[in-house]
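Single chain ahead, written as structure tokens, the form predicted on its own.
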Amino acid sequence: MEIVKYPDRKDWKALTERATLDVTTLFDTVRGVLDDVRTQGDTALRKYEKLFDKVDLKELRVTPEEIQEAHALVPDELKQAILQAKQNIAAFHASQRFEGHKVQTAPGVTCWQKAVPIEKVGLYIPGGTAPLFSTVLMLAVPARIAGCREIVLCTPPNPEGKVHPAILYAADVAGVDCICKVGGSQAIAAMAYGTESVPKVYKIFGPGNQYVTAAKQWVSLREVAIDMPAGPSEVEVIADGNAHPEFIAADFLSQAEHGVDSQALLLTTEENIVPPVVEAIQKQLEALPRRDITEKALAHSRIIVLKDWAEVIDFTNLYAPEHLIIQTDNYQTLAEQVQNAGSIFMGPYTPESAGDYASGTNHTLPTNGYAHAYSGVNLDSFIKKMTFQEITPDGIAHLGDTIRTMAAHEHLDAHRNAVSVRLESLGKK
């Protein structure tokens, strides 16, 4: 793990670099899969499931019997935890409901907005080395609150053709309508184009590997919307000399264990915190089952000592972390100055894992610096806003000349005429 002390500002950009692959280089690779699914439907899905997930599937949809079986297999302790997390996630996202107001912008001219749910949404839940049933809740719960009519979930099966029971249980209690045993870029294709088993959707959500990410970006060019560009998970911790080294180490490792390309940063103004943090990281690392993965992530993680809090904030806003944990005495003051971050965790007793699972905020967040411009998933992610306007005869008489003047200067005579014919019908020129 690299330790950098008092870097010059001209070197900051290099220090914010992530270990990411430009997924556009994979477009040619995934296009073959996408085209096959678009033209061959379920036949292509079965072919790629056999090739990539090593399973020969007769049915691509999860059956009601499999869902009932999952209910029996999930331990009661985990069921209760999932239900508690669902309740907290629902409470937070329900508070985000949009209420439109009619506004009279000019006499006789009334405008307003209405929030309308996206009718059909697709959720991708990776298989990989960990069953991300928490992501099911993070995506399906707000989709259901938003009022999406159809929620489709795709996730890769295991070699026995089964989906992890916790994923099925979470999907069932969160209100998913259709669960399909499809993974990888072929799952993205299925939801983008539709097949005999997988319904076509209008927007796709969820994390995935580089091939899933490339597929999402490709289909977003013309077929469907996507939640956001995605990259490896990351965390930045800001700490002062009074922070708990064990807490910082635990936060570092909880993020680094996501994958070999994950990244963790520590920013501090006090050198004395560095040795105990490094020692705590080494000690806790020894006990981790995913040690090999975590060590590879730590290889491109950094501890950076800066000269003052102003530099810490400036560096943070340049880096734009997915997760930002602030463990300082002045954490509230620092948090107010942050402009670019996916989600902020304030104070020593607010671990990033709380947001990952059960505090209520969403854990689907912008990575790779996209927090400069993107929000994390929220209720609005599942909603589109339509605008309405109503103009009375007095309103068009009041506003008409303004519209006609602007249309004339843009040389759009038909636009101008659309107002003129109305004014003439009212006996006005």
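In case it trips you up, residue 1 is the first one in the sequence shown, and so on. All figures in this text were calculated on a predicted structure; none of them were measured in a lab.
A second form of this protein, the form predicted together with a further copy of the same chain, is not displayed here; the remarks below concern that form.
Colleague: Have a look at P199, G175, P351, P276 for me and say which one sits with a heavy atom within 4.5 Å of a further copy of the same chain in the model of the complex.
Modeller: Spelling it out, the residue with a heavy atom inside the cut-off is P351.
Colleague: Going by heavy atom distances of 4.5 angstroms or less, which of T269, N158, N209, Q284 would be at the interface with a further copy of the same chain in the model of the complex?
Modeller: By the 4.5 Å criterion, the partner-contacting residue is Q284.
Colleague: Which is the contacting stretch out of 150-158, 302-310, 342-350, 184-192, given heavy atoms within 4.5 Å of a further copy of the same chain in the model of the complex?
Modeller: In the other structure, the partner sits against 342-350.
Colleague: Closest heavy atom of Q327 to a further copy of the same chain in the model of the complex, within 4.5 Å or not?
Modeller: Taking the distances in the model of the complex, the answer for Q327 is yes, it comes within 4.5 Å of a further copy of the same chain.
Colleague: Should K384 be counted as a contact of a further copy of the same chain in the model of the complex, where contact means heavy atoms within 4.5 Å?
Modeller: K384: yes, in contact with a further copy of the same chain in the model of the complex.
Colleague: Hey, in the model of the complex, does F315 get a heavy atom within 4.5 angstroms of a further copy of the same chain?
Modeller: F315: no, not in contact with a further copy of the same chain in the model of the complex.
Colleague: Should L57 be counted as a contact of a further copy of the same chain in the model of the complex, where contact means heavy atoms within 4.5 Å?
Modeller: L57 lies outside the contact set for a further copy of the same chain.
Colleague: So in the model of the complex, are Y357, T402 and V419 all sitting within 4.5 Å of a further copy of the same chain, heavy atoms only?
Modeller: So, yes: the whole triplet contacts a further copy of the same chain.
Colleague: Would you give me the residues of 299-318 that have any heavy atom within 4.5 Å of a further copy of the same chain in the model of the complex, in order from first to last?
Modeller: Stretch hits: zero.
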